[in-house]
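Next comes just one chain, in structure tokens: the form predicted on its own.
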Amino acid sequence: MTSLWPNDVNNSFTFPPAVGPRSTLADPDPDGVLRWLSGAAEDRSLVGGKAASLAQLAALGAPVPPAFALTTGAYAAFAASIGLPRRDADLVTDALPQLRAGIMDGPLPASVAEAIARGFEAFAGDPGSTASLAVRSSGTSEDSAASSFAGLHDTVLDVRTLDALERAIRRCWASLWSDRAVAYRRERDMADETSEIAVVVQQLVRSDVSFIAFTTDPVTHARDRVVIDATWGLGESIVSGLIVPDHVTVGPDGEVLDYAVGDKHLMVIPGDGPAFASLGTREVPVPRSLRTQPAMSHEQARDIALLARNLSRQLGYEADLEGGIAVGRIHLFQARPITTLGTRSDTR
């Protein structure tokens, strides 16, 4: 496949790094606010569900991009410094907008600001080079077998400057206190639990194709089928429901049983250049000739299904995997248990 990003060197890095993009900058953090997700097991209470799953994927040798977690300790230090509540039971819903504004504007503790700067410097590499990062919320109850929190906490893509990284992290922290996230926790009798959040900062892969793979059909519950949704560009167009993705069903022997081509009229791409550094991504029309073309080959679908099945067995649960294909190479960005197998409903 010809890359949609032919001049982008961001697709050429090696997975996974030993301890981070630059080992001299990625040493263990003495304040416990930054953890490189380099293959060692991580505590969900410290790095959140998404980061713990990423560390597990790295330990299994899965093709995951370099990433670090800004820990719940970092959030706790910030929350204490500006007097944030720690439980839903300690706040009134009407105060949420003011609380989120305080998170976006409050001063960062020195240890947290320094850790963010060290992490960004590790990704930026040599002076004059540019980092391109994906910043994802990682809640402590997120991506568990009981509660997914899917879509409730923020993700910011194509972050390129240190200032933009700090703003993206604040957005992830603030999303812990969104109206929807608070309502979700209260519906699940979690109001008396401490609300904590970590943040994953991951090298952005500029995917030509993005996909979500389910190791069990989430609608029919057929456990001998891998179901894949795929589209052009970054995966936000699938997660946000902007398009009708390709829908692929792969049988137990790796045969593609069905490939339904979707109407992929839009794709999400990184903001192109410094002018878009704080804007994250853009939605652009897909060239008309590609809208009704398959986003992936049958061989790529078989490879994704094989990878998903192997990882599911090692992870110990039926998995929902998000990933992308860049210059013909498969990458994985997150994994979580499928939370709806007890019902006859779709996962999204």
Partner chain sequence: MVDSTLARPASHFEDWNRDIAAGATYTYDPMHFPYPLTPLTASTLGPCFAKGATAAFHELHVPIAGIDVIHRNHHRFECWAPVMPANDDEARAVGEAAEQTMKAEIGRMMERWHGEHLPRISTLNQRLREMNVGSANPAELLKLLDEVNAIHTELWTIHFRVAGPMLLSMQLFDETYADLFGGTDADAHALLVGGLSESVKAAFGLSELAALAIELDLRDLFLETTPGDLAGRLENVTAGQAFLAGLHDYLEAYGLRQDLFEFATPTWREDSTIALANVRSYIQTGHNARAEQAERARSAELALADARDRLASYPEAVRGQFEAMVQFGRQGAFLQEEHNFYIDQRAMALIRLFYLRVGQRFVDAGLIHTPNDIFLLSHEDIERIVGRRFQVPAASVQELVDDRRHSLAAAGELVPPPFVGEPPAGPPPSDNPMQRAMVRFFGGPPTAQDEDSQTLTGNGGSRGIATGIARVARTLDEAKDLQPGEVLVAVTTMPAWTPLFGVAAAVVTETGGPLSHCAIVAREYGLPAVVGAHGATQRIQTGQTVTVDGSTGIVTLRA
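Numbering follows the first chain given and starts at 1. Everything numeric here is computed off the predicted structure, so don't read it as measured data.
Here the subject shifts to the form predicted together with its partner chain, a form of this protein not shown in this document.
Contact annotation for Arg167: none of its heavy atoms lies within 4.5 Å of its partner chain in the model of the complex. The closest non-hydrogen atom of Pro270 lies within 4.5 Å of its partner chain in the model of the complex. Contact check for Ala40: every heavy atom lies farther than 4.5 Å from its partner chain in the model of the complex. Taking the partner from the other structure, its partner chain in the model of the complex has a heavy atom within 4.5 Å of a heavy atom of Pro285.
Screening Trp232, Tyr75, Phe214, Phe120 for any heavy atom within 4.5 Å of its partner chain in the model of the complex leaves a single hit, Trp232.
Listed stretches are 49 to 57, 65 to 73, 303 to 311, 286 to 294; the contact stretch with its partner chain in the model of the complex is 286 to 294, by a heavy atom cutoff of 4.5 Å.
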